[in-house]
Ligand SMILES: C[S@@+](CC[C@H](N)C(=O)[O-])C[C@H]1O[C@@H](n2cnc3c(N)ncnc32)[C@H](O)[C@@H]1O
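As C-alpha cells, one chain now follows by itself in the form predicted alone.
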Amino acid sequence: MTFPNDIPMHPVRTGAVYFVGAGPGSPDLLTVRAARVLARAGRVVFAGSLVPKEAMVILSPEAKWVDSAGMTREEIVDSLVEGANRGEVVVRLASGDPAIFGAMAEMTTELEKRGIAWEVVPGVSSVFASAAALGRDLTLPEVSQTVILTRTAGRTPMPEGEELESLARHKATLVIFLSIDRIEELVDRLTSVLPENTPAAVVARASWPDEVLVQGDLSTIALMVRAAKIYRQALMIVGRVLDARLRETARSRLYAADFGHGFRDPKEGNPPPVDP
C-alpha cells in the first residue's frame, strides 16, 4: 500500500507491539496509520469473533494471522512477545478502539515486564459508528452535553458508584456496551430512574453489511430488540438527544450570528451578548 510522500507519517518500529483499533467492522473505517502498521506487520493477533479477517488480510497478506478467540490472556501475550523477539512488527488487532473495554492494560503491563516496546493506534469506536448509522448527535445544546460510556455487571463487576441507576440520574446521553443480552434488565433498571418515554436505540454490528438499527423508547425497546433477534455485538444509546423534536430546536451559540470569536466578528446589526 502506498501513500502520498507529502503526508507526514508516524514511524513503524520492528520488534514492537502495536495495539491497533480495527474500527467497528467495516475495513474502510481503519485509520491510515492502522493500515500502514498492518502493511508492515509480520504477525497479527486478532479477535476473530469481532474483526473481519477476510476483509483485512489483504492489507497484510504475508503476516502470520493468529486468531485469539480461543486463547487466554497469557497465550496472547506469549504470542505477542514471540513475534517481537523475532524482530517482527507485531499487531494486536482489537475491535473498535483499544482504550474502550479492550483489556489493553493487562497486556501492556506484561509486555513492559518483559522489556517489549509497545504503542497504541486509535480506532473508530462502535459508539461513533452507531451514532453515524442513526444519523444522530450524541450531544445537543441545552439537551445533553455529556456522554457516559458504560456497561452492566456480568463476569466483570462494576465499581462502587457506577451502577446503571446512578449513571442514569445524570440524565446525560448513556451508551451501554456489552449488555444487550440482558435488555429487559437494562430497561427495568433505567426506568427506575428515567421516564418510560425516554428515547432509546440499539445498533447491532455497526458498519457491517448486516447492521441492524432499532429505535424506540424505554417502553418499547426491549420488545423491538427481541423481535429483531439481536443477542450480541450491539450497543444501546439512551437519552433525549435521540428525540427528533429537540433536534429541530437545538442551536449552538458558537454558530449564532451575534456571537463573535477569534475567527469571526459578530454580524452587523447583531451585537454580541453582554455578560451580566
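When you see a residue number, it is the position in the sequence shown, counting from 1. For clarity, every value in this text was computed on a predicted model and none was experimentally measured.
The same protein also exists as the form predicted in complex with the ligand; that form is not shown, yet it is the one meant from here on.
Only one of 160 to 168, 177 to 185, 106 to 114, 71 to 79 lies within 4.5 Å of the ligand in the model of the complex by heavy atoms, and it is 177 to 185. In the model of the complex, the ligand sits beyond 4.5 Å of every heavy atom of residue 83.
Contact between residue 60 and the ligand in the model of the complex is not found at the 4.5 Å heavy atom cutoff. Proximity of residue 121 to the ligand in the model of the complex: non-hydrogen atoms within 4.5 Å are absent; the residue sits far from the partner. Put simply, residue 234 is close to the ligand in the model of the complex: some heavy atom of it is within 4.5 Å. When the ligand is considered in the model of the complex, only one residue from 131, 206, 89, 190 comes within 4.5 Å through any heavy atom, namely 206. Checked against the ligand in the model of the complex, the residues 39, 66, 222, 50 give one hit for a heavy atom within 4.5 Å, which is 50. Along 27 to 44, no residue reaches a heavy atom to within 4.5 Å of the ligand in the model of the complex.
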